[in-house]
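One chain follows as structure tokens, the form predicted on its own.
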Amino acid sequence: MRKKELRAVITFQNTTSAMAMEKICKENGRRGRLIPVPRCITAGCGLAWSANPQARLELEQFMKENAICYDQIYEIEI
């Protein structure tokens, strides 16, 4: 079984925003990946962005600068 680790999990209201996040992060060398929304979270779409929790503030600013609409940011062990 894989060891759980603390992650920043960003949820989105729709798939379009989640896909936009993936695209813009790859283009700008941002670390993270799309994952299915963990069961302990309810979200509008079934995708979430998972990243290092230390990057949370940086990612919030990055999404604001790039007009990426997100729902919430959680710090959970997954």
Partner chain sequence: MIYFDNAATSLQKPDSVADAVYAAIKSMGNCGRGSHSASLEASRIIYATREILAKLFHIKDASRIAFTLNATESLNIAIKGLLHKGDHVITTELEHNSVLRPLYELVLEGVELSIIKSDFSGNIKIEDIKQSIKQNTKMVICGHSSNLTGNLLDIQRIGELCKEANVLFVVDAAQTAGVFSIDVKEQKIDVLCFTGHKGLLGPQGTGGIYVREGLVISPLKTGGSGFLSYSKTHPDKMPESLEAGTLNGHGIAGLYAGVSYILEKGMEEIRKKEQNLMWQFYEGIKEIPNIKVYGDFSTNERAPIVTFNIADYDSGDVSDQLAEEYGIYTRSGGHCAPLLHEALGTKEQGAVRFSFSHFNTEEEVDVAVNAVKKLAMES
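Numbering follows the first chain given and starts at 1. For clarity, every value in this text was computed on a predicted model and none was experimentally measured.
Keep in mind that the form predicted together with the partner chain is not shown, yet the notes after this line are about it.
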{"query": "Contact flag, R31 vs the partner chain in the predicted complex, heavy atom cut 4.5 Å", "finding": "no"}
{"query": "Heavy atom of T16 within 4.5 Å of the partner chain in the predicted complex", "finding": "yes"}
{"query": "Interface membership of R39, the partner chain in the predicted complex, 4.5 Å heavy atom rule", "finding": "no"}
{"query": "The partner chain contact in the predicted complex: G44, any heavy atom under 4.5 Å", "finding": "yes"}
{"query": "Residues in 63-78 with any heavy atom within 4.5 Å of the partner chain in the predicted complex", "finding": "C69"}
